[in-house]
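Only one chain is shown below, in structure tokens, and it's the form predicted on its own.
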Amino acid sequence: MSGAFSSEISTYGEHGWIARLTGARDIVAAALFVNTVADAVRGQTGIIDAVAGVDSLVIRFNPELLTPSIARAMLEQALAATPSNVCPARKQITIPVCYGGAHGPDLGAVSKKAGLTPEQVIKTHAEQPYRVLAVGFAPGFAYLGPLSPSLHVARRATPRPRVDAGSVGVAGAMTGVYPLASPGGWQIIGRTPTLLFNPSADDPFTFAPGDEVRFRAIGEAAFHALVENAL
């Protein structure tokens, strides 16, 4: 039991522990909580890594420096000491998106499943702010939420072998942006011309947990203009 959320801790591989939050109803509060816990544990002596999901946290430890019980106690202490309040966004990011057409091949399918017009899907997706709940799946891929319940749709039955960098998708209760081209099964409704990966930067990826993200709908001409300006 933590001071903010109830949690269940179990072994994760030979030298790891996983803490799963139980009964967390606020997806944003839960995600920011486990990310804060990960930050608190990461870097402590004997901890190899701490990775946060949306409602879970995994730590891996060096068995030559820590016993399993001590590593677990470190995790429990961080869980108990971390407040549950939702912190202000670290930074605010606006992402221009060209929805539909070649950039959003699944917009029609999402529209049909949601019982909305494509225009209503676009308006609903772009009218609210999101928080970066977790980063994973692929390098720099941000899970953003909460997504409006009216846009909750399942992933594609067959993932695509390649999704273009900048593609914006929805799946379940979240939306996300692919910073790099990769395989993927999210429903792609648009694409941003913004470069989300800069290998020469100190922090090469745009998104970090806790950031606030807004989408801004743009047309095809604006999309190509922004692409040209980025070259």
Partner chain sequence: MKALATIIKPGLSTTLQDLGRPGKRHLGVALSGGADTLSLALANAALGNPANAVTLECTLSGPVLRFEHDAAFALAGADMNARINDAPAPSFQRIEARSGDILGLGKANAGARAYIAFAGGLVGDEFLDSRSTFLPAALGGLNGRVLRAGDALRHAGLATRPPRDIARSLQPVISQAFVLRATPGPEAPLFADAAERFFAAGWRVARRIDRMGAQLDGQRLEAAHQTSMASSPVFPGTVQCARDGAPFLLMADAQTVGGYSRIAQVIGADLYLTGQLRPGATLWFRKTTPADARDIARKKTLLFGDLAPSGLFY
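Numbering follows the first chain given and starts at 1. From a predicted model like this one, the values you see are computed outputs, not experimental measurements.
Keep in mind that the form predicted in complex with the partner chain is not shown, yet the notes after this line are about it.
- Contact between Pro105 and the partner chain in the model of the complex is not found at the 4.5 Å heavy atom cutoff.
- Contact annotation for Gly13: at least one heavy atom lies within 4.5 Å of the partner chain in the model of the complex.
- Contact check for Asn62: a non-hydrogen atom falls within 4.5 Å of the partner chain in the model of the complex.
- None of the heavy atoms of Arg162 is located within 4.5 Å of the partner chain in the model of the complex.
- Stretch 134-142 is the answer when you ask which of 75-83, 88-96, 134-142, 119-127 has residues with heavy atoms within 4.5 Å of the partner chain in the model of the complex.
- When the partner chain is considered in the model of the complex, only one residue from Val51, Ala30, Ile188, Leu196 comes within 4.5 Å through any heavy atom, namely Val51.
- A single residue from the set Ser56, Thr36, Thr206, Thr192 has any heavy atom within 4.5 angstroms of the partner chain in the model of the complex; that residue is Ser56.
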